[in-house]
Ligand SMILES: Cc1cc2nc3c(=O)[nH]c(=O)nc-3n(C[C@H](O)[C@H](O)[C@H](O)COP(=O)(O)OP(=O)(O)OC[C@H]3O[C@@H](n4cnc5c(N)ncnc54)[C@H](O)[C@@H]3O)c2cc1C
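As structure tokens, one chain now follows by itself in the form predicted on its own.
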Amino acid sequence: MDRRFKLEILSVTSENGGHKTFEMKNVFDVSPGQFFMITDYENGEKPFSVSRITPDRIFFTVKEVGSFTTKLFEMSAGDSVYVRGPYGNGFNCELLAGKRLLFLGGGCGTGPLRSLAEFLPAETEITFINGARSKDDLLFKDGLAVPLSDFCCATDDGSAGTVGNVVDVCKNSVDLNSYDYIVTSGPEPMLCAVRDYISSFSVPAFYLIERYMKCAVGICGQCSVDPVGVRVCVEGPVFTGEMLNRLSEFGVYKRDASGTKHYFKGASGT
């Protein structure tokens, strides 16, 4: 869908020092894991995943990281933005419904997992491990709007919840083989750590990843990932573990708006 909709911001909720959630009217057929492009026609256009879906409302939980989000954070209820989408390959809700699931979220990546947790039927058993660098980065620390089998928080610096990251929690207290699927979303180094840890287990996993996007419809190739050339905006942003293992770029480098490679700390090329 390439038509832009002018949507009024119905409410703005401060989640912590660096994140806000924007509520808008839901006029779309959207699934958890999909994303939208949002613009104010003055400060550019950026992609945002949906952090909650109800029949009449959609929510975007946004981290302030640059000029566009800084301007967005200055907006309040009654202001309007332009939205196009939804785009991308979201989570397979039919496959996951009614299963035993382990959710591993990190930072702003927790948003799409919340939308999925609240979207799945009540008989689905979900353990949700919610991680962040510190309490100031931690989202939804008080849980979600639906019952979960278990919910815990972890921070790298120990300022909230368990000390450590989501992989540390898994190593210390989680039997991965007791789950049907693992679903994870967060910063790329975290996703790589999850992939590496669960590789010795037989549990299938789904990963929601991010890449710089321009068009969101698969034309510009800006978000293509080496060496397969999958486009995150079309074939992703949700990928199976099998596909992720074919992407040699993942966890090594990502590209900016000019296409320049930026290597992650500790990766080859740094």
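These numbers were taken from a predicted model, which means no experiment stands behind them. Residue positions are given as counts along the sequence shown, with the first one as 1.
Note that the form predicted together with the named molecule isn't included here; everything after this is about it.
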Spell out, yes or no, whether the shortest heavy atom distance between Phe201 and the named molecule in the model of the complex is within 4.5 Å. no
is_contact(Lys63, the named molecule) in the model of the complex, heavy atom dist at most 4.5 Å: yes
Can any non-hydrogen atom of Arg57 be found within 4.5 angstroms of the named molecule in the model of the complex? no
Going by a heavy atom distance of 4.5 Å, is Met213 a contact of the named molecule in the model of the complex? yes
